[in-house]
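What follows is one chain in structure tokens, specifically the form predicted on its own.
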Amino acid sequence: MNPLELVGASPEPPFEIVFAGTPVPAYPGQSIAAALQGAGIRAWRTTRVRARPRGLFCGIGVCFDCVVVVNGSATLRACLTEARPGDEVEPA
């Protein structure tokens, strides 16, 4: 069952963002990190030294594990950046 159905939520209609060429559904007010997690994408960048996968870690903007490039703007934290229709998101 969809979590939205469990709580009886009625969000606005979803829209799409694009992550590394793949369409990802997002809801109004949702962060990019939440949209990626909801789509099953757990890692969206790798470390410079050993290429270890990184994604959502703290979820509140304290760390920098979730940085992405959004519409050409680099080093934005996905957990703090609201998804907007048509956003082009790339690994940082």
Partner chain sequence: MRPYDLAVVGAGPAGLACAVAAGRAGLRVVLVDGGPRLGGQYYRHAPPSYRATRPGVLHHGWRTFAALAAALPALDVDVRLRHRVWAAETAPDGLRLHCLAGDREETPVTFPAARLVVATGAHDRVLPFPGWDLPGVLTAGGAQALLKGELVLAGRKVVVAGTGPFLLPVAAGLAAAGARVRGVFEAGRTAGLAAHPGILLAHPGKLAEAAGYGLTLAAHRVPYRGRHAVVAAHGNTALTSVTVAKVDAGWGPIPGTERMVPCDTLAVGYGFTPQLELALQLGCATRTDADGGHIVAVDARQATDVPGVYAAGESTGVGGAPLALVEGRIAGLAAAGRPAPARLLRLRARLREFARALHAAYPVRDGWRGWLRDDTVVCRCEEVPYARLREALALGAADARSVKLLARPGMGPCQGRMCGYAVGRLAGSPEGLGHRPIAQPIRLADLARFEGDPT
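Numbering follows the first chain given and starts at 1. Everything numeric here is computed off the predicted structure, so don't read it as measured data.
There is another form of the same protein, the form predicted together with the partner chain; it is not shown, and what comes next is about it.
J.: Taking heavy atoms only, is V70 within 4.5 angstroms of the partner chain in the predicted bound form?
T.: Residue-level check for V70: yes, a contact with the partner chain.
J.: Could you tell me if A20 has a non-hydrogen atom within 4.5 Å of the partner chain in the predicted bound form?
T.: Result no; A20 lies far from the partner chain in the predicted bound form.
J.: Does any part of P25 reach within 4.5 Å of the partner chain in the predicted bound form? Heavy atoms only, please.
T.: Because no heavy atom of P25 falls inside 4.5 Å of the partner chain in the predicted bound form, the answer is no.
J.: How about E16 - does it come within 4.5 Å of the partner chain in the predicted bound form, if we only consider non-hydrogen atoms?
T.: Heavy-atom contact with the partner chain at 4.5 Å: absent for E16.
J.: Within 38 to 52, which residues come within 4.5 Å of the partner chain in the predicted bound form, counting heavy atoms only?
T.: Residues within 4.5 Å: G38, R42, A43, T47, R48, V49, R50, R52.
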